[in-house]
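Just so you know, structure 1 and structure 2 below are the same protein chain in two forms, each on its own as C-alpha cells.
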Structure 1
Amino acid sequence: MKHDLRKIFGSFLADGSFLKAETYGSGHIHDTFRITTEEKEKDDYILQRLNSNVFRRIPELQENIERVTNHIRSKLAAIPGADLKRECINMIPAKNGKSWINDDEGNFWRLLVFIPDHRSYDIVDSREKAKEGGRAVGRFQAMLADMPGPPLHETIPDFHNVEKRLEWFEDSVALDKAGRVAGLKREIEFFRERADKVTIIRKLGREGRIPVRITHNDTKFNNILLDENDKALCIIDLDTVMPGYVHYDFGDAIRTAANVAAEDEKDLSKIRMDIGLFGAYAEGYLSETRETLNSTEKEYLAFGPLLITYEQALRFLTDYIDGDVYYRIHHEHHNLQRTRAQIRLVESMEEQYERMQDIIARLA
C-alpha cells in the first residue's frame, strides 16, 4: 500500500516543509522513512509506521518513550555543551496533541528529529568503538536511574523472562509442530543442562538483591549511535524500553559487539567472544554506572552476556521447532544455524568466564 507521506508529515508540528521522502535504515519491525525538508537550515525527520502486530499497546509504548526522553533531556540541559538534538531522541508532537497519529486505515505513525552526522556499526572492529558503545548504554541507564513516577509499561510482556522462555521452549518440544525435534538431541540437551543456572538474575531480583531498573532491552550495537569522531552519542530504537535488570542491556551488547563472527555464522570454528572487546565495552559501561549499580549487580554483570546469548539461542531454536513463525529466515534451516552459532558463542563465553569476572572486578 502506498501511503501519502506528505499528508502524514503534515499532521505533525514539524519545523520545516516537506521536500521528499525515502525509505531509510535496515529495520525489520517498522516502516521507516527519512523526510528531507526544503529549508537547508531546518531539521530533517524520521517518519515511522509502527508495527502494531509486534507492539500491541502503542499508546503505552509512546508514553514510555515520552517519559524517558523528557527525563534524559532534562539531565542533558544541565550539562554545559550538551547537544539536545543529537544526544537524545526527540519526538515531534502531532497536531492532535499526542505523540502519534492514526491514518485513515488505522495505522499508527510517529515523527522523530533526524540525528545528523551519526555513525552506527553492525560489526565492532576496535576497542575504542566498543568502549564508546559501553559509555552510551551506561549513560542511558545512569540518567534514568532516578526517573520519578510509576514503573514504565511492559511493551512486550516477559521479553527477557528466561523462565517463561524455557516453559515455552518445552511446550514447543512436546508439541513438535514441524516434526523437527528428533534431530535436535544435542541442542535440546544444551539448554536443559543450563536451565537452572540461567535463572539466577531473576532469582536475585525476587530476593531483592538487585533492583528492577529502566532498561533498553535491545542494545545490539547498531542501536548505538556514535558521532562523526566515533564518540558516544545516544541510543535509538526505544520501543522496548521498560522495567528490567541491567544485566539484560550489558549482556545483549556484548553478545553482538564482542562476537567476532556473524550472528548466524555457519562455520562454528570462526565464532568466539573477543575478550579485548568485552573489556573495552565494560570499561566504557562502568565509567558511567560505577556509582549507580549496587555490589550484587556488579558481581553478576559478567553473567549477563551468557544469559542473553543463551536466551537468544533458545528463542531461535523454539522458532525452528515451531516451523519458523517469528523470525524472518533466508533458507529452511536458518533458525537452526542461528541457534548453533549462538550456542557456540555461549560456550566461548563459558571458556572465558573467569577472565570476564576478573575484568569486571578490576573495573568496578
Structure 2
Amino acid sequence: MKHDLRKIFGSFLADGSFLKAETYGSGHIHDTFRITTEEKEKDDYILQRLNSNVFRRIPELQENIERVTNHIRSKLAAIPGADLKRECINMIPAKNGKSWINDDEGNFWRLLVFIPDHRSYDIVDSREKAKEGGRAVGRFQAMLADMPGPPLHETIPDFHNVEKRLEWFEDSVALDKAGRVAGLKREIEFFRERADKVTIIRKLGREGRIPVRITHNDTKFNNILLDENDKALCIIDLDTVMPGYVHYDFGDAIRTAANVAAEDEKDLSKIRMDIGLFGAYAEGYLSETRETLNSTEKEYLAFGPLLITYEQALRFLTDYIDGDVYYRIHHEHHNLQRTRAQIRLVESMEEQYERMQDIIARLA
C-alpha cells in the first residue's frame, strides 16, 4: 500500500518543509517513517500509521498519550536544564485540532518530533547501558505516580492478564486455524507445565498486596532511548501506558536488556540471560524506585522477567497458531522462531532465579 506521506505530513501543524520519508526503526506494531525536513535547523519528525487492528480505540489511546506527555513535560519544566524536546515525546497537533488524522482509507496517522541524537538498542552490550535503561524506566514511573485525573483508558484490554492470555491460547490451540498445532507439542507443553505458577503476580494484586500503578507495559529496550553518551534520555512508544503492576515493566525490560542475543535468535545456544546485565538494570531501576515500591513488590520483582518472557513466548506462539495476524513478521515461521527463542530465555532465567532474587534482595 502506497501512502502519500508528503500530503499526510501536510495535514499537521509541523514547522519545516517535507524533504523525504524513509521507513524507520524495528517496532513490530505500527508503520513508522522518519520525515526529514528541508531546513537543517528545523526538527525532523516521526510519522506513524497506527495499527488499528491492535489498537481498537485510537482516540482514547491518543488522549492517554496527551495526558501522559503533558504531565511529564510539566515535571520536566521544573527541573533546571531539562530538555523538553528530547526527554519527552512531543506530538504535533493536526490542522483538524486533534492529535491524529484519518486518511481517505480510514487509517489513523500521528506525527511526533524526531528526538535528535538518540541511541536505540535492540541488544544491550554493556552494564552501563543496562543501568541507564533502568534509571529511565524508574524515573518514568516516578514522574507518573502523581498524575491527576481519572485512570487512563485500557488501550488493549487484559494486555498483561496472563490468565486470559492462557485461555486465548487454549482457544487458539483448539481452533487450529492455520493447521499448525500438530508440530507444536513440545512448545504447547512448556506453557501448560508452568500455567499455575505464572499467575502469582495477579494473585498478589487480588489480595491487595501489590498496588495497581501507572506503568508503561512495553518497556522493551528499544523503547528506551539513550542520548549520545548512552545516558538515560526518553521513554517512547506510549501506546500501552495504563494501569498495571511494576513487575510488567521490570520484566519486559530485563527480557530484552539482559538477553545477550536477539529476541528472535535462531541459534538457541546463543541465548542466555546475563546476570551482570540483570543486576545493572536492577540497580538503575531501584535507584529511582526503592522508596516507592512496597516490600511485596520488591519481594516478587525478580519474578517479573520470568512472567513477562513466558507471556511473550505465549503471545508469539498464539499468533503463530492463529496464522500471524498480530505481529509484523519477516518470514514464514518467524513467530515460531521468536517463540523458541523466548522459551529458551525463560529456561535461562529459571536456571538463575535464585541469584536474581539474591541480587534484588541486596539492592532493594
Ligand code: GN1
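For clarity, a rigid core is taken as the largest C-alpha set superposing within 1.5 Å between two forms. Since the model is a prediction, treat every value here as computed from it, not as a measurement. Here, residue number means position along structure 1's sequence, counting from 1.
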Shown alone, the chain in the form predicted together with the named molecule appears as structure 2
Using the core for the fit, does the CA position of residue 329 change by 2 Å or more between structures 1 and 2? yes
Could you tell me whether the Cα atom of residue 60 shifts by at least 2 Å between structures 1 and 2 after core superposition? no
How about residue 36 - superposed on the rigid core, does its CA move between structures 1 and 2 by 2 Å or more? yes
Give the C-alpha shift of residue 320 between structures 1 and 2, in Å, after superposing the two forms on their rigid core. 2.5
